[in-house]
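Only one chain is given next, in structure tokens, and it is the form predicted alone.
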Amino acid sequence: MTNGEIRNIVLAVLKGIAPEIEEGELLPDRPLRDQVDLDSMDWLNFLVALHERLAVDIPEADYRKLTTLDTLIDYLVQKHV
């Protein structure tokens, strides 16, 4: 999968949890949770949904690395290969 395809999936999953988000307003290098105002349960549900949708294991130890949209997409691209 390409970065663009994974980005689209990430945004679709995110919209399923936070339908009020505007894709064009998300800054790729800013903390995603802060931009979308996700609490810890919503964030966990988001990561679990990505795991299910992409069949990518996301160990809990890696959660702290996944702060921005860019880092999340890069991480998923590397894991999906």
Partner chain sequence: MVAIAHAVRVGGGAVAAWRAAVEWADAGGAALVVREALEAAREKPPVCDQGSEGWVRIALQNATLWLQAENARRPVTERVLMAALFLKAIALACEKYPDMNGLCRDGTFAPAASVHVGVAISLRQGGLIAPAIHDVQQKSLTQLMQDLTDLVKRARAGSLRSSEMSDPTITVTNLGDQGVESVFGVIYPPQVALVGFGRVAEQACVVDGGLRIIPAVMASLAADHRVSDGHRGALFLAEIHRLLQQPETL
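Positions refer to the first chain, counted from 1. Please read these numbers as outputs of a predicted model, since none were measured by experiment.
A second form of this protein, the form predicted in complex with the partner chain, is not displayed here; the remarks below concern that form.
Q: Are any of the heavy atoms in Val10 no more than 4.5 Å from a heavy atom of the partner chain in the model of the complex?
A: Result no; Val10 lies far from the partner chain in the model of the complex.
Q: Check His51 for me: does it contact the partner chain in the model of the complex (non-hydrogen atoms, 4.5 angstroms)?
A: His51: yes, in contact with the partner chain in the model of the complex.
Q: Please check if Arg33 has a heavy atom lying within 4.5 Å of any heavy atom of the partner chain in the model of the complex.
A: Looking in the model of the complex, residue contacts with the partner chain include Arg33, since a heavy atom lies within 4.5 Å.
Q: Find out whether any non-hydrogen atom of Glu25 is located within 4.5 angstroms of the partner chain in the model of the complex, and reply yes or no.
A: The answer is no: Glu25 has no heavy atom within 4.5 Å of the partner chain.
Q: For a quick check, can you give me the residues of 58 to 74 that have a heavy atom within 4.5 Å of the partner chain in the model of the complex?
A: If the 4.5 Å heavy-atom criterion is applied to the partner chain in the model of the complex, 58 to 74 yields Ile58, Pro59, Glu60, Tyr63.
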